[in-house]
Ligand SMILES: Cc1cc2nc3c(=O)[nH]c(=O)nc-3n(C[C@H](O)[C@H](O)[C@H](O)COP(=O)(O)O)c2cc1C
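Take a look at this one chain, the form predicted on its own, written out in structure tokens.
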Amino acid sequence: MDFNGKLILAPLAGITNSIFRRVCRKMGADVTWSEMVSADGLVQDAGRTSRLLRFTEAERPFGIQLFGSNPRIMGLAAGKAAGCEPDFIDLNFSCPVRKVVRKNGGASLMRDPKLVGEIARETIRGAGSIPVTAKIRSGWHAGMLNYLEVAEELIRSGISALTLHPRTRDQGFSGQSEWDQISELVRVSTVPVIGSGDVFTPSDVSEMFDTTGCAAVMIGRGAVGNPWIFSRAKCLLTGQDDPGEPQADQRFRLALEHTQMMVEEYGEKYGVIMLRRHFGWYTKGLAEASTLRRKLFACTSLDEVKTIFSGYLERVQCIQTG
């Protein structure tokens, strides 16, 4: 799996489902990741967990991200994930969410580098010929910045690439990510390093590449409601002008396409309801956004969404033309 120069859609639980991944691929994302998948749930063959493995060819290159703390279970889960033939399998040692950490998953494992190494080795064994990557944080807290030690264990275990989100578990997503830690990891790593954290604009993408020397940039929260960040960043990276923030009509066209895909997958009412929070993100920053969101959040059909969008555009055009 070649990550060099790639723009990657980060795994976000409850957000980066198959349809959103396809939307982002269309808008320029080079690589997509599954939502975080519980190794325990996968081995127990829980239907809801297994559904997270589904993807289409349009989402490739595609990786399945596993989390768990038992090396044997992780190996078994990797075998099941490998059966779906993803391009790679990723290990999550970075999630700060309490319910994950409470089970010694995600960022909790930053406290035990040896166990991280055991998990990686068992996962690699279970994955067979599928490459295995890993995502880590800076450490558990400010007094335990051990990302280099954990990275060394992972590299020694045989992983193919490393993603660093340079915040501690205690920070969650607060404060500022320390990109200099990505630079430090790049200097000592013998595998490609993917940079993550505080990438919200196309210029952030360019700056992360330039200042850290990372092989690839991962974008998570910056892509929510804003899949254009991928295509705009590619313009900057190839020496073209940034086309700028999408206008209301551009946002609505993509939001409608996203809605149509959800309706085809889940049925009209449920598909529209599932997309309501995305409507909030797509309309962020627009004039009269709060009123627009209230209307959209009450929708249960695609026609209602179309009517609200077209009405908004007509009203804005009238205001602009006086």
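Numbers follow the displayed sequence, beginning with 1. Just so it is clear, the model here is predicted, and its values are computed rather than measured.
Another form exists, predicted in complex with the named molecule; not displayed. Remarks below refer to it.
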Original post:
Any chance all of Gly28, Thr32 and Trp228 sit within 4.5 Å of the named molecule in the model of the complex, going by non-hydrogen atoms?
Top reply: no
**OP:** Mind telling me which stretch in 284-292, 33-41, 267-275, 250-258 gets its heavy atoms within 4.5 Å of the named molecule in the model of the complex?
**Re:** 33-41
**OP:** Could you confirm whether Arg221 comes within 4.5 Å of the named molecule in the model of the complex, counting heavy atoms only?
**Re:** yes
Original post:
For Leu313, is any heavy atom within 4.5 Å of the named molecule in the model of the complex, or not?
Top reply: no
Original post:
Contact between Asn92 and the named molecule in the model of the complex at 4.5 Å, heavy atoms?
Top reply: yes
**OP:** Please run the contact check for Arg232 against the named molecule in the model of the complex: heavy atoms, 4.5 angstroms, yes or no?
**Re:** no
Subject >> Glu152, Glu207, Asp198, Glu118 - the one with a heavy atom within 4.5 Å of the named molecule in the model of the complex >> reply: Asp198
Subject >> Contacting member of Ile308, Val23, Leu302, Ile15, with respect to the named molecule in the model of the complex [4.5 Å, heavy atom] >> reply: Ile15
Original post:
Within 135-165, which residues have a heavy atom closer than or equal to 4.5 Å from the named molecule in the model of the complex?
Top reply: Lys135, His165
